[in-house]
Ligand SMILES: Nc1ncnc2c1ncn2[C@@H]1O[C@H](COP(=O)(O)OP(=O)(O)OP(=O)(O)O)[C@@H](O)[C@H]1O
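Starting off, we have a lone chain in the form predicted on its own, written out as structure tokens.
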């Protein structure tokens, strides 16, 4: 008897449908799995045998052929255990279910028949809906995650026995339902607040501009000046995620296996801070089986790179294209996987090895050659990817002991939110959501300046020896500053402030 069960698989961030076909016939007992299975799928034979036996069923003492269609795509992961087992039970007559093809079934089996959590359930559930499959049996721990897909019935099974009883109609599993609106009622008080930062008013203003336009920024300052403290508070002033953005982020975290089983949706903008020993593949994504890297895990959020020059040079340079394009494509023999990478890059660094070059309070002990070598770890093209450069000065004693709290994140966030709404309205038909994404043609249309502004730009362009990219980024930042001020036109004052955020090129890199 031949049986068919619908399941799913992943390539990159996308799910696709797999049909598990099973045939049982009289011959020497054994199981053969065909259809390009990887090692994890091949090993499912032993897990399936034990799960069937320990769940009170009988393993057929016949020849079992399992075909995973389509046969020309590589199948990986242990989440095919459950559909393979269900297909065997149907083919052997131990399970009668006329509507099994109405379900997408997936899950890894333990030897005792319990079902373990699987990665990438969300994109597979979305693909099931696109193919007209509205019912899913998934691991209990993944049920909340899958339930955010609209118009689908999600049933979370804890064991093989439970899944079989549901399909046979003996005992139905309670459907998992999630109230999407309630997920966004988050407690933002858990985030670090800018009111705890003493002094650093200019740095906080620069980060407000960065948040308002989703601009990349580089912070340079002495050790202990508060660079990391400022960066960690940046998520507290970013606008809340929309449902569409939350779905994008959740999909990435689902595939990466980083989704908390107690949560069905990532509702807070991600903040990723990898160690400087991370490899370029870990930063951008890739591998034999393509997986998202840190720049994709920070999608719609912040990627913070502390001690920026200490990162491997190939890891730093590998970020240039994803930062520019907002996506990173990994090409393998089996196909190409594209990962989104629309994140804010925030990096911090000391100006030299000892950390005190340019500091007014302590003297630098580095040689000019050492300083040049240290700063040279950041190439000119990479430096150009930062719209905003911030010098974070050492905090004065008076600021530390004043006891006066600064402006709260809540107040700053309100201004950022209004500026972002202006941008969303302005670019609603252009497929972008912030000033940082403006293309060359869009800059000409939306970042027009008057004669005084042009004269100021020309003077600075020639004196600082700025690149064409730096010129474009000054205009983008000027547009954001104007939005924060609620002004339609870019004034010379907005340009002057934007230029101030590019002055560190000349001070530390000599215009390189």
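Small disclaimer: the values here were computed from a predicted structure and weren't measured. Residue numbers count along the first chain shown, from 1.
Another form, the form predicted together with this ligand, is not on view; read the next lines as being about it.
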In the predicted bound form, the residue from 323, 100, 395, 382 that sits within 4.5 Å of this ligand by heavy atoms: 395
Contact residue in the predicted bound form, from 413, 166, 74, 198 (heavy atom within 4.5 Å of this ligand): 198
Candidate stretches 251-259, 174-182, 274-282, 222-230 - the one whose heavy atoms come within 4.5 Å of this ligand in the predicted bound form: 222-230
Heavy atom of residue 350 within 4.5 Å of this ligand in the predicted bound form: yes
Non-hydrogen atom contact residue 158 with this ligand in the predicted bound form at 4.5 angstroms: no
Touches this ligand in the predicted bound form: residue 153 (any heavy atom, 4.5 Å): no
Any non-hydrogen atom of residue 307 within 4.5 angstroms of this ligand in the predicted bound form: yes
Sequence-ordered residues of 10-39 touching this ligand in the predicted bound form, heavy atom within 4.5 Å: none
